[in-house]
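The data below hold one chain only, encoded as structure tokens and taken in the form predicted alone.
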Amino acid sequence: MIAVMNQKGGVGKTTTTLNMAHALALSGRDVTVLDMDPQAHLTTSFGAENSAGADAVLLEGATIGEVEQRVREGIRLVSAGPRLGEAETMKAGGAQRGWLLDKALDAAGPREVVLVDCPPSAGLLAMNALLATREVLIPVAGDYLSLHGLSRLVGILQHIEQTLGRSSRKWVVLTRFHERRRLAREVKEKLLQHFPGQVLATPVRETVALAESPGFGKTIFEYQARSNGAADYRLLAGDLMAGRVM
């Protein structure tokens, strides 16, 4: 179970969840994706209806099986749902509010691959995602502001791990990458320096098609299967499953 997380917007978090899910499904994996962002961008990107989903699980105790949609061959989606924003501020339940998603996924039984698209915040929804997963995939764009956001996120993750007395495996994926730009190469070197053995082997190159495809409710494999973006996410999915790093 993998939480796809970064508090900074514009780093390709939802794009990565969308296309990694489809790449894994195309390779024969059975994938469950959860949209834990009230903006429901992942749901929209799949061209799916934002019906009751994660909101019903957290607010009403619905099961994963009751709300998931089959959106592609090999992919089941739990949409955000129209009321997910309410879950961020719910008061009832005390500390157990953070474990609602974990309990729901546990009750759903074994899943081969679970990807959770997290909101760009450190609130209750993100906490539910972190407590329910054992790995964190962090997309980082090739600029210094992304590095700054990563530093803050890692601090939050370390605090949570110390509190719980457990650690999560962290993966970093370099997104929106321009090999010819010196800044992008410098960011890459910084990541390798500070996160040795954690930066996945394939950087995702900046591709217009990756930005365009969600507007059509398509993944990159449906929109432009021969693009750089499709090639990169296909390789990246293999990197994640095999633990291949730079």
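So that there is no doubt, residue numbering starts at 1 and follows the sequence shown. Everything numeric in this text was worked out from a predicted model, so none of it was measured.
FYI, the form predicted together with a small molecule isn't displayed, but the following is about it.
Considering the small molecule in the predicted bound form, the lone stretch of 25-33, 203-211, 183-191, 54-62 in range is 203-211 [heavy atom distance within 4.5 Å].
For Arg176, a non-hydrogen atom is located within 4.5 Å of the small molecule in the predicted bound form, even though that partner is not displayed. At the 4.5 Å threshold, heavy atoms of Ala230 stay clear of the small molecule in the predicted bound form, well away from it. For the chain shown alone, Ala237 is not a contact residue for the small molecule in the predicted bound form, no non-hydrogen atom being within 4.5 angstroms.
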